[in-house]
Each structure stands twice: as C-alpha cells, then as structure tokens.
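Given next are two forms of a protein chain, the same chain in both, each as structure tokens and marked structure 1 or structure 2.
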Structure 1
Amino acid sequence: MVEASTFRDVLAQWPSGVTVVTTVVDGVRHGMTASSFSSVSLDPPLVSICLDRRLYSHGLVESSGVFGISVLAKDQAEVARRFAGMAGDVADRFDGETWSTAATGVPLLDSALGWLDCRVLHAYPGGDHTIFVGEVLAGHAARRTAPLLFHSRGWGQFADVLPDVATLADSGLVNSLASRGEIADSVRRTAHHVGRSGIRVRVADLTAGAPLETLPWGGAAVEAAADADHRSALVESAVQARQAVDRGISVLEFKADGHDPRSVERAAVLARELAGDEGTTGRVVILEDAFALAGNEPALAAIDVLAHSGATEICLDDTSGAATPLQVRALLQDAVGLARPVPLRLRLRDKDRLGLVNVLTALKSGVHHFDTTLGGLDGAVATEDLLRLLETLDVTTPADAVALDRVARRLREHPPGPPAPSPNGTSASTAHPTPMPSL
C-alpha cells in the first residue's frame, strides 16, 4: 500500500477549486473551508462533499441534513483562511461578509462566484471520510471572474498561459500618414503593404461626416488591402456603414464612450442593426478610455451590454494612455470571461514605454487580438515592436514580420513632412506634401 506521505504529496499536485461549506444547527451558523467538492449528476442535480469524520463540522452536517456550498473567487483567499481556522482568534467567521439563505436556511456567501443550497440525500463511508451526496434545491451564479484554486497546499489563481496565435489590426496608420502631409498615392502604397502582410488596416474614417469619395486620401486607401476582410472603416451611423460596405469595406468599427451608458447603448443598437447586413463580416465596438474609468465596474458594465449586441469584437482603447500593468490585469481577469464568446481586442498606447509591458500582461490574461500602428506614429504600440515581442514568446501571427519591419524602417528613415498651410491658415494634408519613397 502507498505510504501516506507519498499519497498526500501526489494529491497536492492536483489543483481544485475552493469552497466554504456551511450548515445551520439550532439556528447557529457553522462553516469550514473545503476543496473536496464535486458535481455528481445533472438530472437530478446532485453534488458531493467529502468530510473527515474526525471534524466537528462532519457531525454538524450529519445531524442537520443540510449544507451550502459557496464557491470562492480569486480575491477571496482571506475568506478561505478564516473558515479554515488560519486567521487567528476570530470570534465569528461570518463577520465582515453578507450572507443569504434559500430553501434550507443555511448561510450562502453573497460575494462568492456562486452558491448551491443542498439537502443530504445519501451518506456513504469513504475510509476516514464520509461522502455526503446532496440534492441541490437552489443555486445562484453571482460573479464572473477567476476562481480561487488550491494547489501544493496553498491558495492561488490560474497559471498564466500564453496564446498560441495572436492577430493584429492597424487602426492608426492611414489617418496618421494623411494628417502628417503624405500624398494619397503614398498612403495607398503603405497601407497596401501592411494589408498584404496579413494585418487588417483601417482605410477610412467617416465620422467627420465627409463622403468617402471626397476624402483626399480615402478613395486611394480604400483599395489598399488585399481583400475585404483586411479593410476596415470607422463609422458612427448606419448610413456611413452602408457607404463603406458599398466600397467593399466589410469590417466596420464604431466608438462608444465608456463614461456614458447611452453612448454604449447606441453602439450596441448599431451593432445589432448591422448584424443583419450580409455585406459586413466584422462589427468592432471600440470602448474609449477603458482603463481611465473610475474602477472597473463601468467598463465591465459596458462590456456586458456590448457582448450581447451583435458585435464581433470589443476593443478596449487606452485612449489617454492611462493603462498600467496592474490595471490591465485587474480589468481583463473579469472582462475576458464576461465578453466571451466575443473576443476582446486591445489598443494600447506606449506612454512611458509601458506599451509592450501592458501587451504582455494582456496576453497572459487571455487577450489574443491587438490594435497597433506601424511605426507607432500616433503614440500607439508600434506594430513591428509587437511582432518582435510575439516572436520571442513563440506566439505565431498571420502577419509577415519581415515585410512589415521593412516598411516601418522606411517610415523612420523618410518621415512625412509637416502639413502645409492652406490658404485660410489651417493645415492641409494635400498641399505640397512630402511623398514616401517607392516601396
């Protein structure tokens, strides 16, 4: 027979969730931390807990015939320690938390990921434990975030796993080149090379209200990418969306102000409306200043609305450069699951050289899609820099890193000239521009 120490060491390598098992006897609440919890059956709904027969809580569950299971979240290690008797001399373990009751009257933790209210249906001997099988009378899924895990005799969170593949889109190149005085043909050529390399390019911004054909650079850039799925346009109405679709742009982007629930709802309505248009293959809602909102709740509330709107992607835009690695981590741990199955896309700025650090944090938090700008022309993370990072991490991408680095190098060596003044004294990107060398 296996030695007890070896058996314990092997079991310590098996990760499990962490729960608080509660019961009530003569009106008095009792609870303990337990990881030996499992589902048994869906029809009827049954679960099991295994309790050491030497524990005081074992006798309480046996005599009461009822128990509750509260599944703990990643930020509830202190609750786990308290109910495991590891928090020192605590007068009442239930203090400091809010609790509800359901069918059996046992306490159920309001802040848990979820809870189950159970009546003991069977009790089977299991060596020095008893296997209690409970019939689930009520349940509630309260939160959508990462769970608390028990592994190697300690509590923690999911290990960070990098994705196998990441995709990129460039939403700043065309507008940056045009605003800095580049001629339309050079904009078209540069955007064409980026699109042909496997990166989606925003080729038109229609939100200013000008028709696509009248934009000094738009008409030329529209044909830049290799196919429709590698072209996108920024729009703010169904009319502008139709104008873009009629020119062969199948991916549509529109912005939502994370501070304004009405703006988020308008974007959601537009996404639902465009979902029925056969000419669109993508509907990207951009949540502006997602990392500058007060706390994470406004952003999470907006993501919840947009995830049910018909959007094919939700882009969290670090518009003002407020993102830090801790903020990115904290928001994404909840946001990725909340948005699922709609993928999140991040547009991060390179303020204080934190851009790639934030990207790495996002990659390890479950985000696989990023908006960048070739050369970092508008302050966003530079496309070529991110591709080099992905290469070092063995994360593959459809983009041709060599071709893009060549284009980025020419941008650096031959920067566009400043916009020339127009006759009325304002800058005009089409007056005496400095052309890029041929690519």
Structure 2
Amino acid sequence: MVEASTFRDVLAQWPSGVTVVTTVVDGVRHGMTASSFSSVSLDPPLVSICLDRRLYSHGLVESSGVFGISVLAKDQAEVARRFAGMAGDVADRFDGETWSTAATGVPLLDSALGWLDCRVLHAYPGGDHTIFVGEVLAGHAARRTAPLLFHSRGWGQFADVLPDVATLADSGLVNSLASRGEIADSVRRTAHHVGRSGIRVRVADLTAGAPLETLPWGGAAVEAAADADHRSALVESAVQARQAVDRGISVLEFKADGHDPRSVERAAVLARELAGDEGTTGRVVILEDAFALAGNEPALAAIDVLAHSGATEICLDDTSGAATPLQVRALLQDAVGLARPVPLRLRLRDKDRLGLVNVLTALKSGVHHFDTTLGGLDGAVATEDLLRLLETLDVTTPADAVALDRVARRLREHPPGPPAPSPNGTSASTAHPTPMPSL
C-alpha cells in the first residue's frame, strides 16, 4: 500500500478549483470548503462531491438530502479559508456573505462565480469518505472572472498567458501628418511604407463630409498601403462607407460614444447594414472613451450590443488617456469573453508613460490587436515602440519591424511641424519646413 505521506504529496500536486458546499437542516444552514467537486453527467445533469464521513457537514448532507455548490472566484481565498475552518474562531461562516436560495432551499453564495442547487441521488461509500451524487435542479453563472485554484496546499489563480501573435494598425499617422501641414506626397509615401511593412493604415477620414478626392492627401493616400486589407477609412454613414469601398478601401471604421446608448445602437445598425455589403472585409466599431466611463457596466453593455451587430472588431479607445493598468485589467477581464467571437482591439494613449504598461496588461488579458500611431504623433502608443515590446516578449506580428523602424527613424529625424491651429486658433504654425525625404 502507498505510504500515507506519499499519497498526500501526490494528491497535493493535483490542481483543482474550489467550491463551498452548503446545506440546510431544519432551517439551520451550514457550509464547508470542498475541492472534490466534479461533473458526472450532462443528461441528466449530475455532479458529485466526496465528503469525509467524520465531518459535521457530512451528517448534515446525509440527513437533509440536498446540497449547494458555490464555485469560488480568484479573489475569494479568504472565503475558502473561512468555510474550511482555517480562519480561527468564526461564530458563523456565512458572516459577511449574502446568499440566494433556489429549488432546494440551500444557501447559494451571491459572491460566487456560479452555483448549482442539488438533490442527493446516490450516496456511495468511498473509504473514509462518501461520494454524494447530486441531481442538479437549478444553476446560475453569475460572475465572469477567473476561478480560485488550490494546488500544493496553497491558493492560486491562472497565470497570464501571452498570445503567440499580435497585430497592429496605425489609425493616427495620416491624419496627424496632414494636420501638421505635411505635403500630400510625403503623407502618401510614409503611409505607403507603413502599409508595406504589414500594418493596416487608416488612409482616410471621411467623417467631415468632404469627398475622398477633395482631401489634399486623401486620394493619393488611398493607394498607399500594399493591399486592400491594409487600408481603412473612418466613416460615419453608409454613404461615406460606399465612397470608401468604391475607392478600394474595404476596412471601415466608425465611432460609437460609450456614454450614449443611442450612439452605440446607431453604430450597431451601420455595422449590420455594411455586413451585407460584399465590398467590405472589415467593420471596426470604435468605442470612444471606453476607459473613462463610470464603472465598467456602460462599456460592457455597449460591447454586448456591438458583438451581435455584424462588427468584425470592437476597438476600445482610450480617447482621453484615462486608462490605467488596473482599469485595463478590470474591463478586459469581462469584455474579452463578452465580445467573443468578435475580437477586441485597443487604442491606448501614452499618457504618463503608461501606454506600454497598459498594452502589456491588455496582452495578458487576452487582447491581441492594437491601434497605434507612428512616432506617437497624436499621443497614442507609438507603433514602433509597440513592435519593439512585442519582439522582446516573443510575440510575433505580421509586421516587418525592420522596415517599420526605418520609417519611424525618418520621422524622428525629420519631424513634421506642430498641428494646425484648432478652430479657436491656438497653435503656432502649420507649415512643415522640410518634407520628409524619400526612403
């Protein structure tokens, strides 16, 4: 027979989730931490738990014939300790908790990731334990976060996994250069090189209503990027979208105001409409100020609407630079799963030099697509900086880092002038003294 200590040591190497098993007898509720929970059958829905026959809880489940399973979340190690009797003298393990009841009347923790309400169907002897098989009468998946894990006698959670591949798009370069008085040819050339290096470039912003051909740099810039999938246009109506598609731009971007559910609905309607147009390969809805909304709920509600709209990407825009690593983490924790299968894209600012830290947090939270601006011209994370970060993290991208770096270096050596004056006339000069040389 295996030695008891060896047996325990091997078992300790087996990682598991953590639940609280609850029951109620004559109106008196009780709960204990259990990791022996397992699914048994889908049809009928059956689960099992193994309880030590010497435990107080064992007698209660045996006599009540009912039990609840509350699956704990990664931030609930304290709850697990309390219900395992590891928190010292606790008069009532339910202190500080709220709970609901369903079919059987057992308490089901509101703070849990989810719960199952069960009636004991079988009780099989299992050495010093009893294997209770329960028929699941009701269930609820409540929180969309990661589970608490137990391994090697310690609490843990899933490690963050970096993606194998990430993609970049540049949505600020052309507008930034044009607004700084850069001559059309120079804008075209720079956009061309960025596009050729494998990065999608936003070549036109049609939202001001001017036809594409009349933009001083627009017409030329359309041909800039290497292929149709590597150029995009910002539009706000089906008419503008048609104009872009007719000029060979198949990826269309349009904005939704995260503060305004009607604006989100309008973007969803446009995405749905364009989904029927064979000329478009991409419909990117940009959710503005995604990180500056009060709490995460408005952004999550918007993502839920957009994920069912025909959008091919949802871009969370840190429009005012409000994002912090904790906020990025908190929002993406729920947003990535909610948007699925529609991928999320992030456009992050580099405010207070938090840009790349936020990118790293986003990568670890399951986002693989980023919007940047070459040279960080408009305050966004710089395309070349992000490429370098991805390289150091061993995350591959379809982009050619060497080619892109060459364009970025030219831009640094020949910086464009300051932005054109805003309508209230605050900026100094618009003329660019020396246009960027050819590469």
Ligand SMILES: Cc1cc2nc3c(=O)[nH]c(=O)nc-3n(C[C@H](O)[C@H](O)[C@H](O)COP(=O)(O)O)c2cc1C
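In this text, rigid core is short for the largest set of C-alphas that superpose within 1.5 Å between two forms. Structure 1 provides the reference sequence; residues are numbered from 1 along it. The structure presented is a predicted model; accordingly, all values stated were derived computationally and were not measured.
Looking at the condition given, the form predicted together with the ligand, one finds it describes the source of structure 2 alone. Relative to the superposed core, residue 294 shifts its CA atom by less than 2 Å between structures 1 and 2.
Relative to the superposed core, residue 390 undergoes a C-alpha shift smaller than 2 Å between structures 1 and 2. After superposing the rigid core, the Cα of residue 33 is displaced by 2 Å or more between structures 1 and 2. Once the core is aligned between structures 1 and 2, the alpha carbon position of residue 89 differs by 4.8 Å; this is the C-alpha shift at that site.
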